[in-house]
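Provided below as structure tokens are two forms of one protein chain, presented individually as structure 1 and structure 2.
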Structure 1
């Protein structure tokens, strides 16, 4: 995963065919068929090659390194977060007679990697109670709409985002990304 995908990728009829993308598309194909057989693998490879060749993507720098143990930690904490924040939003939705507390919070990310920032935005957006309104990735600045939190909303949200970012970088970050957060 250390070389630019697409830059030095093998070429087929004059177009780059990044092996990692082909592998991922083949896996998706196999998952959809739900059966591991020679015909499915070959069919998946053919379909993946056709897709990659017909719809080339711009080459991107390698920016993702999956650390399996920390990925499990991230997924476990994310699942717990999902349950807790869903319960929080459900509580406010069912609490008749009151308007849920909301606040706009500006958060600064510490990572300079665009991939890490995008993953953080996706994770934040999937959690109920936090809505990303604006992501200025160039400055690493996020504007969030927070629903259902009371007390020190600004401080708590900043702390939560910092922790989420740290878990994401630990699970997906390259060595350089990890150094940045030390």
Structure 2
């Protein structure tokens, strides 16, 4: 669990005690006991306070932010991409005796965030007709196997990946992630 309110949290004997974490742990305690009583609530509060005081979590910045409107855009476009790529693969699968065009494409990601890179890799792997063969996250490079595209496959694939990455960063990225794409 992250502690976004780490510095503003009340202190108990000099250590921060984040209220949201205490509340969450108390709810978990009550669910485990299965009965709502004053004793269980007080026991849960005491157990939660002991856990957060004895085992403090380091404060960290969240690497993922959800932007609801941009998430809806990402999901709508991704759903359309799923339908289109499924139809493309089905078209080539039903053409017996014809080998579909295939290419290996190297793509450089524009963001340095590993979280955004992983989300991009997952999205690309979910699309029929594309497969991430290698992901060098430290270098921001992906090697893709692309099936069923004709024409300028290299340019088209790089453009499609850049657009997908931009939608992912818009939906899930931090301010720093979005600044990298400008």
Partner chain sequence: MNALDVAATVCLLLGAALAFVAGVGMVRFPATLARMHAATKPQVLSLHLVLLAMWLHRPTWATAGPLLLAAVFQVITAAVAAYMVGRAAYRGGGPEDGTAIPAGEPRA
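Predicted, not measured: the structure shown is a model, and the values here were computed from it. So that the term is clear: the rigid core is the largest set of C-alpha atoms that superpose within 1.5 Å between two forms. Numbering follows the first chain given and starts at 1.
It is structure 2 that shows the chain in the form predicted on its own. Once you line up the core between structure 1 and structure 2, the Cα of residue 40 ends up 2 Å or more from where it was. Annotation for residue 15: C-alpha shift of 2 angstroms or more between structure 1 and structure 2, rigid core superposed. Core-aligned CA deviation for residue 52 between structure 1 and structure 2: 2 Å or greater.
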